[in-house]
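Below you'll find only one chain, the form predicted on its own, shown as structure tokens.
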Amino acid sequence: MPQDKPWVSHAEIMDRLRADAAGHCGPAGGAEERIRRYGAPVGCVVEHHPRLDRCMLRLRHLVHRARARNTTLASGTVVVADSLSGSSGRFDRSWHAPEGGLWLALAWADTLLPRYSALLPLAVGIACCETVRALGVDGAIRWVNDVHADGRKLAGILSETMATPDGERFHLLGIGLNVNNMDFPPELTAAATSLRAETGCRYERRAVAIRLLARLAWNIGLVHYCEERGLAEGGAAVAGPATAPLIDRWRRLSDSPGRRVVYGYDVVKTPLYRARVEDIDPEGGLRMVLDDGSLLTEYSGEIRYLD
């Protein structure tokens, strides 16, 4: 059962967001306040559990429970667990989620146009990378949104969309961040790391959660601001100038451009081809150059680095 007293309060998240605002390279023209307003619902409700199967499953339950009561789950609701017993990543890959890590999921109402909602996974990756850098680790984003330090994974992100029978839709954004956990299963020892392993410092998980949720509020708000810009420009498709504030932030934090990679929808089980990453486009698609010089852009799937 969730604890009666909020583990993290919305006021703490908003205070952190305001404190961080000066450090963000926000768009010019006084847009910072609009971005904060767009992202303000993040953490309006924070439900904390000592242990869960999966945070996303709990969010799905809350969505359906609200519907059964003829209400709607508040957009921005967050579920946090101290440990997970059935956690998984993409393609049902197991995710080690013991005590010491930060395991959470956010429900965000699907109000964005599809071409902008597709940018939410990038926004979550940016928020995670900004958080670990603020905490002393030189993390980088591997497209789309894995956060690693020197090739060892620090954070994993899973995005799902759910719809109720009456058409209500939510984006479920799950985040697993290795904070103080130091012991990994043998198959992950060489591939995973944590904040504590990187710095030798023990972190207060509430403080990490507050910082992460504040960064989520900013970057999700930025996606909505990009939509506002795009609609004001009257474009039917995402244009570079409209999404540049988010795409530029991703570029500054990613080490994918210039890397030689193997690409696949499920790259572990079914790698499809090798290429060199050129860039990402204004819609978040990965531009890659094949060995024969041809250019491909992928909007889903994943990569692994070869160099």
Partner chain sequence: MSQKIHFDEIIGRYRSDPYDYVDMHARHTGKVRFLVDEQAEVKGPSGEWKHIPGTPLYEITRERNTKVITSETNGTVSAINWDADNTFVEAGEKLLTIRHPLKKKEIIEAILQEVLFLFPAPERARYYFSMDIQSRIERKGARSVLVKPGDEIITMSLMKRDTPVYYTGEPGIIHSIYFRPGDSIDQGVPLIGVCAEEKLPLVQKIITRVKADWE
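Computed from a predicted structure; not experimentally measured. Residue numbers count along the first chain shown, from 1.
Although not depicted, the form predicted together with its partner chain is the subject of the following passage.
- By the criterion of a heavy atom within 4.5 Å, P6 is excluded from the residues contacting its partner chain in the predicted bound form.
- Although the partner is absent here, T71 sits far enough away that none of its heavy atoms falls within 4.5 Å of its partner chain in the predicted bound form.
- Contact check for R133: no non-hydrogen atom falls within 4.5 Å of its partner chain in the predicted bound form.
- Among residues of the shown chain, L272 is one whose heavy atoms approach its partner chain to within 4.5 Å in the predicted bound form.
- Contact with its partner chain, judged by heavy atoms within 4.5 Å in the predicted bound form, is confined among 219-227, 75-83, 152-160, 125-133 to 152-160.
- Between the options A140, A197, A118, A109, the residue in contact with its partner chain in the predicted bound form by a heavy atom within 4.5 angstroms is A118.
- Listed residues H171, R211, H148, R205 were compared with its partner chain in the predicted bound form; H171 is the one with a heavy atom within 4.5 Å.
- Applying a 4.5 Å heavy atom cutoff to its partner chain in the predicted bound form picks out Y263, Y265 from 245-267, in order along the sequence.
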